[in-house]
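Heads up, the chain below is alone and in the form predicted alone; it's given as structure tokens.
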């Protein structure tokens, strides 16, 4: 059954009719291809494989261009899910958004988040977690990091919001995107067709792709004006950003995969989501603010019973370009041995883990146009009712 019918701008339900419910499961991974715990959810009956709409994964690679742990995890998931669904691996990728984010520096723990949608008995109890997904077309290499990617992402965010029944952008708390990057082969293929690309630096292409995707989210949610967006603004206008975008680039795809998460009266279930924007990598009050928004009362680190109410924390991490955190120098941008985004993930991961009391947190590096320079959005999905 589709979404509940809408009447007069508010959800209208027939007594006893089902409502959509968003389920989120967090499971550990022993290595990038270890999908046993994901498939264990299916085997146990916790979720039907046909209900799964997206899977987020934190893998222990370097998070850079050559991080093949993302692709390995996707291949393992597609293979296992194809068997369960009775379809091909390619068909799995066409129906389920697989968002792998490389890099578990510091104490971060590799894990998967399985997001599903099912129809449940209609028990309206206020707004509940809602999910919608959409995909762009596959991009040509010359479109990555440019306005074509911005516009396509904005349109896809609109489709995902419609699927989730989220008509008010204020009800959207996170838009997760997996986006492509440029490789030498992709750059050469574009050149053979007579087209130039946004950059010949393959690592820089990750940032431009994330940035274009984030600006597409900002455009869709009304956070930026279209008149300010140009190819030249991508990656340079740090004053233009979304406070609800989380974008991760990878070699394993050529399209954008979009997952919109928000709260809606048209959904049921015990879960809800909230977000804030971290001004810098040590903005603990922003994380505490999200927890307060979700009804957590503890002022310090969450005790174990409260920590387990947190199903997922998703945050972006980015070193500030001026080399300072609250006026004090950091060396993240100057380390020639370890990429700056890896430092940033470790820093934000440590701050977030200290607040939540757990290390299986989805902290993603590279926050171009995702929050202010040196900061980034942070969102928490939690159980707010029994």
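What you see is a predicted model; the values in this text were computed from it and never measured. Between two forms, the rigid core is the largest collection of C-alphas that superpose within 1.5 Å. Numbering follows the first chain given and starts at 1.
We do not show the form predicted in complex with another copy of the chain, though everything after this point is about it.
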Review point. Out of the stretches listed (106-114, 133-141, 256-264, 226-234), which one is close to another copy of the chain in the predicted complex, meaning heavy atoms within 4.5 Å?
Key: 106-114
Check your understanding: Just one of 97, 75, 312, 166 has a heavy atom within 4.5 angstroms of another copy of the chain in the predicted complex, so which one?
Key -> 75
Study note, to complete from the structure: Interface check vs another copy of the chain in the predicted complex: of 91, 293, 308, 189, the one with a heavy atom inside 4.5 Å is 308
Check your understanding: Within a 4.5 Å heavy atom cut-off, is residue 57 in contact with another copy of the chain in the predicted complex?
Key -> no
Point to revise | residue 170: touches another copy of the chain in the predicted complex, heavy atom cutoff 4.5 angstroms | key: no
Practice item. May I ask you to check whether residue 335 falls inside a 4.5 Å heavy atom distance of another copy of the chain in the predicted complex? Key: yes
Review point. With the cut-off set at 4.5 Å between non-hydrogen atoms, does residue 50 touch another copy of the chain in the predicted complex?
Key: no
Check your understanding: Using a 4.5 Å heavy atom cut-off, are 29, 343 and 350 all in contact with another copy of the chain in the predicted complex?
Key -> yes
Point to revise | Sequence-ordered list of residues in 158-186 near another copy of the chain in the predicted complex, where near means a heavy atom within 4.5 Å | key: none
Review point. Is the C-alpha displacement of residue 201 equal to or greater than 2 Å between the shown form and the other one once the rigid core has been superposed?
Key: yes
Review point. Residue 113: CA shift of at least 2 Å between the shown form and the other one after core fit?
Key: no
Point to revise | Rigid-core frame, C-alpha of residue 76, shift of 2 angstroms or more between the shown form and the other one | key: no
